[in-house]
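The form predicted alone is given below as one chain in structure tokens.
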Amino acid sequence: MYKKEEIILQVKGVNLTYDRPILRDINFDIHNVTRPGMVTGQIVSLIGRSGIGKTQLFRILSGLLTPNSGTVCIDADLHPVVAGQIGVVPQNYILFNHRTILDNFKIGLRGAVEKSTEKQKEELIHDYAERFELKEHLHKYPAQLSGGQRQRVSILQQILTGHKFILMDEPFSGLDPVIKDKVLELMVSVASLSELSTIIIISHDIESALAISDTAFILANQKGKEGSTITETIDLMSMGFSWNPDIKQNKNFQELVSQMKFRM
């Protein structure tokens, strides 16, 4: 059993044009999803092929780019998003390369837990680092880590800032199957940290994105119209595909993945 509660992120009438329309009339809502006796954050995917405008939509959702028209509003009061209110994990995992992982995390904590002592901050970092299998790497520098480890550092850095919303750009790109499965498990863990934790995945990897999402929005072109828009909403909860760690082995799920590859 689950319930869709209040809207916690709303995109309404977003249009973006440069020398031609890029995004056209983008509309979608993300709801707080609750399940009795469980902490259930949200994992939502925006799926589209390369060159469809996902990067521009990523920047608009994060508050880093202002659309020509339309709004992005967040939280229960649905106020307009401002840059810095949504945690951003880009493809290149922006970290301070001249600082250790521990120091990168301390920077993430600035302002989030102002009244905490340095000891309390380090205890919090060590606790999360252990959960994310990063404890042994705290005194290393970003260049000494693998791509998968840097991604985990980047995700954890956003968690430590206190962001409820974390926006991830192509998080599965360039990962081998084993690491990809670990990243999927990590995202589920992050979403389960609190009831309002919300991960928004921007991706062209249909199977991976659908495997952990409760809702997916398809970004595509429509025949005879310029600019991409949301052409389909997939409610994976109502289909019985959400919150199942073995969903990739489900025949009906694989049929959905195959259908989506043809429809995009």
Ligand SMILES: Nc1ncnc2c1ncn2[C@@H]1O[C@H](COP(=O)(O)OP(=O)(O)OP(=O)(O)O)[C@@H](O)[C@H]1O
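None of the values given here were measured: they were computed from a predicted structure. The first residue of the sequence shown is number 1, and the count goes up from there.
One more form of this protein, predicted together with the named molecule, exists but is not displayed; see below.
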Handout entry: Partner-facing stretch of 191 to 199, 230 to 238, 29 to 37, 54 to 62, counted where any non-hydrogen atom is within 4.5 angstroms of the named molecule in the predicted complex
Key = 54 to 62
Handout entry: All of Phe96, Lys135 and Leu138 with a heavy atom within 4.5 Å of the named molecule in the predicted complex
Key = no
Practice task
With the named molecule left out of view, choose which of Gln158, Gln91, Thr71, Gln149 has a non-hydrogen atom within 4.5 angstroms of it in the predicted complex.
Solution key: Gln91
Practice task
Examine Ile22 and determine whether its closest non-hydrogen atom to the named molecule in the predicted complex is within 4.5 angstroms.
Solution key: yes
Practice task
Please run the contact check for Glu170 against the named molecule in the predicted complex: heavy atoms, 4.5 angstroms, yes or no?
Solution key: yes
